[in-house]
Structures are given as C-alpha cells and as structure tokens.
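This document opens with one chain alone, in structure tokens, the form predicted on its own.
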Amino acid sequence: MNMSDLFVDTMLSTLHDVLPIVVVLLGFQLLVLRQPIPHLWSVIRGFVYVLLGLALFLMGLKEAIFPLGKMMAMQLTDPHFLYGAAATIPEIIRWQDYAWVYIFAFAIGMATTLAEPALIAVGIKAQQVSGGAISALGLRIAVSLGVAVGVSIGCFRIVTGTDLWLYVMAAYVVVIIQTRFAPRMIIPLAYDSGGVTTSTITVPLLAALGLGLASTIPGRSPLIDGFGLIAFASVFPIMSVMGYAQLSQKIGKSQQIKEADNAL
C-alpha cells in the first residue's frame, strides 16, 4: 500500500472512530441543551485539524514507531549483542545480562511520557486550578519517572518470566499505603495521572517493546509474557506523584521550621 492509499484508509478509519464523539456532543448541544453551536466555523476547522492530526499520527505509529520499538527490543536481546559473536551463550537466562534492556525501557518510558499530549493537558489544568501550587513541569517529571521505573520493572518481569499478579498486587499495596498519608489535594490527581499515561504515544511503543522482548527471549510467550507493560505504566505513576507531593510537603515544612527558627 502506497502512502496516499494509506493516508486515505487511515483518514476514513479515524473519521469512523471520531464520529460517535461528534454525534454525542452535537446531540446534547442541539437536542438536550437546545442551544446553537458557538463559533461554528472554528469548531468545524478544529474538527478537521483533529482528523488530520490523528490520521498523520496513526500513520507515523504504523510506519515507524511500532516497528522501531519492536526492532529495538529484538536487537537488544540478540545473543550476539549480549554475549559477543565468539562468546558462549548460557543455557539459563540471567536477568543481569539484559541491563541494556532495562536502561532502554527506562529511557523510552521517560521520553514517551514527557511527550504525552494528555499528560501535558492535565499538567496545565492542574497548575491553573491549583493557582500554581502544583507545577505542570513537576507533575510531568514525576509521572514520567514513575512510568520509566514501572516499564523497567515490567521488562525485568518479562526477562525472568515471573507472574504479573505478584508485581501488580505489591504495587497497589504501596499505593494504598501512600493514599493514607499523601496530601488530600494530590490523591485524585495522582490516580488520574496513572490513566493519562496510557494514551496515544506510550501505549503503542510499550506494546511493541513487550511483544518484541517476549518474542526474542527463549522460553517466553508473546501472549502470556508480552503484555502487561501498560499495567506497570499505569500504577507506578500513582506512586511517583504521591511521593512527589509527600516530598514537597516535607521540604515545605522543613523550610517553615527554618524560617521560624531564624525569626527567633
């Protein structure tokens, strides 16, 4: 399929996916609220921009991002890369031999989350609503670190072949404990931050990375072991955001105590 045919096909598919959203919005505006659509031409122009942007983005995912993520996973787990062309390949998989996989997982988790449009939007809104008490950049960095650590641990799970539920249960136990002690203001935002990470940029790359690892590591099943990275990318940002809030609160109290001591 050439590029023009791919664009038309993707555009039609995107229109099919977006159309129900438009129908719901217009239906409520015209039939329930019984109000005209304000700035109609601006809305139409924005809708066209959304279609074009989504179509081009999906083309980029299909043609470059998804294949690149899978290719990187395959190259990083290639025995010649891990052990050298003349080295003896061990019969038993050693998790420490895949250090570059964990480093790549950390870096790609950090980079994709920082570029996630949904997280950027949530960060801006959180900063506006909180009056600057929550920094948009600080929130993005905290969420990105959580995703990076989570994806690295997820790759470790794929390499070792351990059960997913052990990691998920342990992670949510930590989340529950943190929820008890974290500032109330940050708790809902922290839980929402876990959801916005699993969006347009992060999901395709993590899916490609997980499937690529499970396909190339001996004894691993793409169906059983290849999925699960997105779960790690959802729960670990909750921990990192609440941890960020707790640390900020502790630093703020320490500064207040110092200022009080200086005043005396």
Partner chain sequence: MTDKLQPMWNTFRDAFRPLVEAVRDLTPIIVVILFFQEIVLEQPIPNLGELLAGLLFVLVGLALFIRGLEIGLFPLGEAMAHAFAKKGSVFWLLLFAFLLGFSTTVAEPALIAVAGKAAEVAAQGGVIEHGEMAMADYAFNLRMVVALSVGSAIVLGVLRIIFGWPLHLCIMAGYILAVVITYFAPEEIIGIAYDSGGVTTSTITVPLVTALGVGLATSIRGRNPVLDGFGLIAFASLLPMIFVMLYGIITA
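Predicted model only: the values in this text are computed from it and were never measured. Numbering follows the first chain given and starts at 1. Heads up, when I say rigid core I mean the largest set of C-alphas that superpose within 1.5 Å between the two forms.
Below: the form predicted together with the partner chain, not depicted.
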- prompt: Within 4.5 Å of the partner chain in the model of the complex, heavy atoms considered, which of A126, L145, A182, V159?
  reply: A126
query: Honest question, do I153, L209 and I251 all end up within 4.5 Å of the partner chain in the model of the complex by heavy atom distance?
result: no
message: Can you tell me if V8 lies within 4.5 angstroms of the partner chain in the model of the complex, counting non-hydrogen atoms only?
response: no
query: Given that the partner is absent here, does D97 sit within 4.5 Å of the partner chain in the model of the complex, heavy atoms only?
result: no
query: Is the gap between V122 and the partner chain in the model of the complex 4.5 Å or less for some heavy atom pair?
result: yes
Contact test in the model of the complex: S135 vs the partner chain, heavy atoms, 4.5 Å: no
query: Using a 4.5 Å cut-off on heavy atoms, which residues of 53-79 contact the partner chain in the model of the complex?
result: G53, L54, L56, F57, M59, G60, L61, E63, A64, I65, L68, M71, M72, Q75, L76
field: T14 C-alpha moves between this form and the one not shown by 2 Å or more, core aligned
entry: yes
query: Is the C-alpha displacement of M71 equal to or greater than 2 Å between this form and the one not shown once the rigid core has been superposed?
result: yes
query: Can a Cα shift of no less than 2 Å be assigned to L58 between this form and the one not shown, given superposition on the rigid core?
result: yes
Sense of CA distance change between V50 and A121 in the model of the complex, threshold 3 Å: closer
query: Given a CA distance change of at least 3 Å, are I65 and A214 closer or farther in the model of the complex?
result: farther
